[in-house]
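Single chain ahead, written as structure tokens, the form predicted on its own.
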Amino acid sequence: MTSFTLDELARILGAEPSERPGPVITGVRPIEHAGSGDITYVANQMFLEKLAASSAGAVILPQGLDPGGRSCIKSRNPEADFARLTAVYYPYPAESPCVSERADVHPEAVLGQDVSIGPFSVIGKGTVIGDRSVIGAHVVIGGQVIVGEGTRIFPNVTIYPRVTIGRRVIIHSGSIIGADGFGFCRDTDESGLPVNVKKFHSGTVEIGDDVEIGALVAVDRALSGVTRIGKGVKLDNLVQIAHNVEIGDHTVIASQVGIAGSSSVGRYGLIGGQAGIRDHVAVGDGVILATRVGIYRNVPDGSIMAGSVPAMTRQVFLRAQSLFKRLPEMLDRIRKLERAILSNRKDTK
């Protein structure tokens, strides 16, 4: 069992412990689940009532907030420090450096030091796996892939050829990196009926350092050039990133978001679940997109976008969008008309 004193935890965090030594801490849990051997956190005074009812042995809280006699660690960002301690107490199980006898590693693949590769995984020709990387069971990595050091790829992930993955990346089960993008054009056959002609993709995917990709995510290779995921990006489960998309550093994208081809999302963004971004759209830095937002035009830096509409015919949708933008102006006109009518009624009495 992992255990630390409060002083030891404070040193790990570079924070300030209270004078009360408190219990030895054996777990890190939210207020609702914390027991006497756990440390929890409180972000602001709104949660002090919950803290008073909690069984937590210690708490991480901001400077100036009263812990109510409980042992504590004073923190600049209690939630962030709580998250850091979860990595101390609940890290992924350590894997012994080992290449399974049931794995298929091409003779021309290059494996770094202390690499672990699980059974029934396939590593292609010319692929390089960085030091201390962990490749789970049933993972398929094509040829000429680069996997940075300290990366962990969970079972049943597929990485197509010529993809580049940075250092300390986490890819969860069922994700597919580097499949062809959804690229087709319409033509007609000899009888005049529509046919779809596939555009074969010659590009690649580049994933930066410290990215985490959830389960069942698809990141498509570029038609030409690069689909790029910046460093520190976090993708939730079931996210679709189309060909030639670029995601800026440290952007966070929630589940079921779809980003269409050749669009870009800036740095430090937050995108809510089920949001959709159409093709060839540029979303700026620091943008927040609320849940289920549909983005059809470029979005400037720092914008906060919200709202969604039900499906309708294109003609009605375009008229509605045009009217929607004029609603404040129309409201002013209606109020002026109301005032004029009321004034006219008073004058005629």
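Predicted model only: the values in this text are computed from it and were never measured. Whichever C-alpha set is largest while still superposing within 1.5 Å between the two forms counts as the rigid core. In case it trips you up, residue 1 is the first one in the sequence shown, and so on.
One more form of this protein should be noted, the form predicted in complex with a further copy of the same chain, which is absent from this view; the next part is about it.
- When you look in the predicted complex, the only residue of Arg167, Arg132, Lys74, His138 with a non-hydrogen atom within 4.5 Å of a further copy of the same chain is His138.
- With the partner omitted here, the residue from Ile253, Val145, Val115, Ile229 that has a non-hydrogen atom within 4.5 angstroms of a further copy of the same chain in the predicted complex is Ile253.
- Within 4.5 Å of a further copy of the same chain in the predicted complex, a heavy atom is found for all three of Val217, Val316 and Leu331.
- By the criterion of a heavy atom within 4.5 Å, Leu223 is counted among the residues contacting a further copy of the same chain in the predicted complex.
- A residue is said to contact a partner when one of its heavy atoms sits within 4.5 Å of a partner heavy atom; Arg102 meets this definition for a further copy of the same chain in the predicted complex.
- Using a 4.5 Å cutoff between non-hydrogen atoms, Gln240 counts as a contact of a further copy of the same chain in the predicted complex.
- a further copy of the same chain is not drawn, but in the predicted complex it has no heavy atom within 4.5 Å of Gly126.
- Residues from 145-177 that approach a further copy of the same chain in the predicted complex with a non-hydrogen atom closer than or equal to 4.5 Å are Phe154, Pro155, Asn156, Val157, Thr158, Tyr160, Ile170, His172, Ser173, Gly174, Ile176, in the order they occur in the chain.
- The Cα position of Gly192 differs by 2 Å or more between the shown form and the other one after fitting on the rigid core.
- Annotation for Pro328: C-alpha shift of 2 angstroms or more between the shown form and the other one, rigid core superposed.
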